[in-house]
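Take a look at this single chain in structure tokens; it is the form predicted on its own.
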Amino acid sequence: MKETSHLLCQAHKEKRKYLLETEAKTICMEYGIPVTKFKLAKNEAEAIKFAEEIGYPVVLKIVSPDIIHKSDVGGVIVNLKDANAVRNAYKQILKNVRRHKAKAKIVGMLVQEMAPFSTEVIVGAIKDPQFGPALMFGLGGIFVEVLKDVTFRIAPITEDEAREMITEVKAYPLLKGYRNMPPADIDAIVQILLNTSRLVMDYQEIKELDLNPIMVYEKGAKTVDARIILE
């Protein structure tokens, strides 16, 4: 995959182990992993222009090779509903970042569509020293953070193995629809798992990959946040 190879080579040249979120999402798109609409704004005017092109509401996120956990430094503001809100958020994020990390290199601001809330899942990968890339699947939110409700498979995986991973988590009944929650598109999750498996097999310099959360709808899914760490 041409774009993926280019981005990984660029990170290597710059001696970066963490890809920018824009880079991680571009790689996801090349591998058929659906992501929220996004654009990289280099200034306030571009942020407003891109927000209007994407459509409100939007999210603004700092893009910096020196900032991995954006929320910890006030680098994310969500649910921006008009140009004035984007303008104020742009200024506020820069102020927050400079207060926490004055010398951080700032590439720009990620302008991203605000994905409608739905069932959240997580897809990840980690390179095991002995077995190579291993895929992880689980439901997002409390199921990952508190209950550790996840399942693993060694890559590459088959479609049958992807479906097994989904049914193995304790919270699987929620994916079939529960009370006011509609059923999730299982086929969309399967495809994300298969495409992620292909990505980490193609590029074994990927040490960790984290797609979290992925919003899964009755039809389709969207990756909201993507993180890739290199060896």
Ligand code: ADP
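Fair warning: this is a prediction, and the values are worked out from it, not measured in the lab. Residues carry their position along the shown sequence, with the first being 1.
Although not depicted, the form predicted in complex with this ligand is the subject of the following passage.
Contact here is defined as any heavy atom lying within 4.5 Å of this ligand in the predicted bound form, and by that definition not a single one of Val123, Gly138 and Thr196 is a contact residue. In summary, among the residues Ile154, Leu147, Val78, Ala83, the only one with a non-hydrogen atom within 4.5 Å of this ligand in the predicted bound form is Val78.
With the partner omitted here, the residue from Ile186, Met29, Met181, Ile68 that has a non-hydrogen atom within 4.5 angstroms of this ligand in the predicted bound form is Ile68. Comment: 53-61 is the region of 196-204, 53-61, 40-48, 172-180 lying near this ligand in the predicted bound form, near meaning a non-hydrogen atom within 4.5 Å. In the predicted bound form, Leu94 stays away from this ligand, with no heavy atom inside 4.5 Å. Of the heavy atoms in His6, none are within 4.5 Å of this ligand in the predicted bound form. With a 4.5 Å cutoff on heavy atoms, Thr119 does not count as touching this ligand in the predicted bound form; it lies far away.
This ligand in the predicted bound form comes within 4.5 Å of no heavy atom belonging to Ala11. Contacts to this ligand in the predicted bound form (heavy atom within 4.5 Å) from stretch 111-133: Gln112, Glu113, Met114, Ala115, Glu120.
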